[in-house]
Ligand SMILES: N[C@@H](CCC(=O)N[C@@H](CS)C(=O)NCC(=O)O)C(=O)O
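First, one chain by itself in structure tokens, the form predicted alone.
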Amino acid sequence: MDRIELITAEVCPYAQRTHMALIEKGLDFERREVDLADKPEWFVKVSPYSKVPVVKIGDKVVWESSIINEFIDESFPDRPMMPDDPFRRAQARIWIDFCNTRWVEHSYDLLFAREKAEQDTLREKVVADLRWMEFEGMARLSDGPFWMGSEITLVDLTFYPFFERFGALSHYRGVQIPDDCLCIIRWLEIMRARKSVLETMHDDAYYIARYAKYAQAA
């Protein structure tokens, strides 16, 4: 089998998704860490968007975490991480898109917001997103404990890194996971015990320190 190389940066949630996918698939791979504040010339050449993650398998180069993860899943079909049924697979992709477009956008907009009124509005959007994920997502799609049922999928890997960083959002913007989001709370407990999380995770203090420059008023 061709050598698998993950080009990554440990602070990046998108890169963590792919790192987790490789671990969940049980694949051997090599990590190559990039300093995003001082990107080397070789990285700019291999990453067309100058972003992580990038995966190289032999002479194949793939970028963008959601695309990489489906590519990995399809290339190595043991331990499948998407539903077999086409409709369920479409639902999985809808929630992956929700994370990539709505959840991430609202969360980072809140982190970056400077004015209190703007923060209050965005905080309400983040809480609404959480309840939408709880009651229109996990509670409807899954008999638990994962997003799509009894087995972990790429949907779980898509969302988890941003929940790992939620402690920093709580610290700087005072937003909390609502108490009635029981599926999400249980899911987080189970995810935090996964090998793929234990091998890639950082604690709240790590993210609080690294997100300070974005969250604190200019």
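Each residue number is its position in the shown sequence, starting from 1. Bear in mind the structure is a predicted one, so any value in this text is a computation, not a measurement.
Here the subject shifts to the form predicted in complex with this ligand, a form of this protein not shown in this document.
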Name the residue from Ile208, Ile23, Met201, Cys12 that puts a heavy atom within 4.5 Å of this ligand in the model of the complex. Cys12
Only hit among Lys39, Arg186, Arg192, His171 for heavy atom within 4.5 Å of this ligand in the model of the complex is Lys39
Okay, which stretch from 176-184, 52-60, 145-153, 24-32 lines this ligand in the model of the complex, with non-hydrogen atoms inside 4.5 Å? 52-60
Using a 4.5 angstroms cut-off on non-hydrogen atoms, would Glu64 count as touching this ligand in the model of the complex? yes
Quick one: does His19 come within 4.5 Å of this ligand in the model of the complex, counting heavy atoms only? no
What residues, if any, in 162-192 have a non-hydrogen atom within 4.5 angstroms of this ligand in the model of the complex? none
